[in-house]
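Alright, here's a single protein chain in two forms, structure 1 and structure 2, each given by itself as structure tokens.
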Structure 1
Amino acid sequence: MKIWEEEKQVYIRAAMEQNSAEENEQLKKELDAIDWSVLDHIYRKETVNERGAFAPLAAVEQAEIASRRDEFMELGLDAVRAGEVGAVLLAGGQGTRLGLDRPKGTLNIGTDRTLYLFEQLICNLKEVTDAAGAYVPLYIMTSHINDQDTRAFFAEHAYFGYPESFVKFFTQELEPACDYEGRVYMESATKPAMSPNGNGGWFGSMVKAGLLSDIRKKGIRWINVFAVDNCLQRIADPLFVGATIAYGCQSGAKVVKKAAPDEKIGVLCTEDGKPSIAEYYEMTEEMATARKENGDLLYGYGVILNYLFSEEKLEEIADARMPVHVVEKKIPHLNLDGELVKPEKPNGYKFETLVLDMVHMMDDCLPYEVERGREFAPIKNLHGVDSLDTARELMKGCGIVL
């Protein structure tokens, strides 16, 4: 049975009753292209969030990194020069919370000069490629909302001096959004409401976009995935790559020491003996406050969404079904009369995969400690904690001219 034939799908059916025959043909094509099995996850939404037994995971700390700097650097630079390191920028978000109706990466983070967030990230990458004397393939994940704007912005600014031939864009896959009964909402008369499939969907989206052949052709063995909102991200960092290789790990995660037991940051640990991330809201007070003999927090290293994955292992897990998280959200939609509704509170579910589950599918993950003031300046708000204000202060401290 086609989804529009199901009696309970009242929003789809209401739209079709008001559409022309031509509009309904267009809608049916949209609906036929969607894997509707995702809706089944509503009925097991509680079990997917069940977690196993957490245990601490020791990190490679800054002191060790400093003492083995030459070793790690040589291994990492050799990998970059050999073309074995690629980078994926997760840039699907809009800058709505920052007062920007454009891709978040187009935000001007300068004060006395224009300096775009995308531009600063490219500057960070060029520090590595200049040192290595070789370019790193950069894959930029956009969303259906900001894809055209992002491509146009990079073209307008001549890719900020990075070779265009080393940059490829792909769009994040979407999943349908529905009400609490599994009735799919409509975004318009000819489109169901859809939303991005979470930060764990980046590799699957690359594969669907046909980029796996490009990765194989280039001989990429390591992929560094990172978020757009941290303007101090070190990308394809040779020290990080080298340390992961030296330890013989399949993956690595950059971490910072937690500022306080209750800091709202996910912690790298193990879960049932495998690497994982405990979100701050999942940690008991006992876990959050437990300390080692030297006084440091036992669960003391927070992730900053900068991961390194073995490409071979990513391909191995690509066919495995990642856990799908059912998340309550506010979903704008057409009501049964065809009027646009913008809810003020959550009114249904979106379906997301999370990078923490990708980490958990690895056999191991190396927690790699970085200095917070040098590598962690997320811009999530205009003012206050993790804001443009705090990021500018940190950038100035790093000698970046604003």
Structure 2
Amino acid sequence: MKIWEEEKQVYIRAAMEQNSAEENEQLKKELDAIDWSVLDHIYRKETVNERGAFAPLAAVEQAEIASRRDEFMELGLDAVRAGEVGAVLLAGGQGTRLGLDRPKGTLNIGTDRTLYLFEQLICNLKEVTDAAGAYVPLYIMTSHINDQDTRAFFAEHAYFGYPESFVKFFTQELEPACDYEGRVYMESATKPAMSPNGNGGWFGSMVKAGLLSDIRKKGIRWINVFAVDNCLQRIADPLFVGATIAYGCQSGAKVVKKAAPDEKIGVLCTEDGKPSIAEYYEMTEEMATARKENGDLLYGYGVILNYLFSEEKLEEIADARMPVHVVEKKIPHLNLDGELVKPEKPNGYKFETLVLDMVHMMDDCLPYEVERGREFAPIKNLHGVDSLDTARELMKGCGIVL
């Protein structure tokens, strides 16, 4: 049965009743191209997130990093110079919490001067490429929603001084969004509401975009994946790369010491003997508060969405299925009268795979401790926790002129 023949799909059916025959032909084509099995995840919500046995995983702490700094730095810079390190900027999200209707990276984070988030990230990357005397290939993931705007923004600003030939864009896929009963929302009379499918599909999307040959041709062995919204993000950090190589690991994750047992941050640990990230809501009270002999939290290091993966291993797991997370979201849509509704609070689900689930597909992962005040200033909201306000304060603390 076609989706528009299902009685429960009231939004699709209402749009079809009001559409012209021509519009409906267009809509049917659009709907036929979508794999609707994703909607089944609503009913499997609990089982998808069923987890194994968690155990703590010791981090490489700052004191050790400081004592082995020269060794790590040399290994990392050598890898960058040899062209073995690539970077992937995850910029396909919608930034709904920030309320922007354009790419998050175009946000002006300056106060007395204009400083775009994208600009600051390129500036952070340039610190590394200047030190190495070599450029790092940068791949930027967008979605079909923000791709054109993102490309245009980089072009308009001359790639903020980074060589254009080292930057490549690729788009991630979208998935339908629905209400709590699985009824697909309509974005317009001829289009269902679609949302980016999460940041977990980045490598698959790169492969689909034909970038694997580029990666192989360039001889990239390590890929650093990072979020768009942390303006203190260190990209292709030679110390991090060097430490992951020195430890003989397949992957690494930058982590920060948890500020409090109940901090809402995913913790890097093991699950059934393999590296894994336990989300804050998956931790029992006992796990969250357990302490080591020295008083530190046993599950004490949270991830900040900055990972390093061996390219070889990524190719090996490229076709593996990833868990689908059902995420509540505010979904603008046409109501049954055909009027556009912009909800104030979540009104349905979107479907996402997450990069953090890739960690569990690795044989090992090095938790690499960084100083929160130096490397973690996420901008999720305009004000309050993890906001533009807090990020600006943190940036000032690092001596960045705003």
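Just so we're on the same page, residue numbers count up from 1 along structure 1's sequence. Note that the rigid core is defined as the largest set of C-alphas that superpose within 1.5 Å between two forms. Everything quoted here is computed from the prediction, not taken from an experiment.
Asks: Between the two structures, is it 1 or 2 that corresponds to the form predicted in complex with uridine 5'-triphosphate (UTP)?
Replies: Here the form predicted in complex with uridine 5'-triphosphate (UTP) corresponds to structure 2.
Asks: Just checking, between the two structures and with the core aligned, does H325 shift 2 Å or more at the CA?
Replies: Yes; that C-alpha moves by at least 2 Å between the two structures.
Asks: On a rigid core superposition, would L57 pass a 2 Å threshold for CA movement between the two structures?
Replies: After core superposition, the C-alpha of L57 moves less than 2 Å between the two structures.
Asks: Does the C-alpha of G242 move 2 Å or more between the two structures once the rigid core is lined up?
Replies: No; G242 is a residue whose C-alpha shifts by less than 2 Å between the two structures when the cores are overlaid.
Asks: Following alignment on the rigid core, what Cα displacement (Å) is computed for K29 between the two structures?
Replies: With the rigid core fitted, the alpha carbon of K29 is displaced 5.0 Å between the two structures.
Asks: Upon rigid core superposition, what is the positional shift of the Cα of E7 between the two structures, expressed in Å to one decimal?
Replies: Once the two forms are fitted on their core, the shift reads 8.3 Å.
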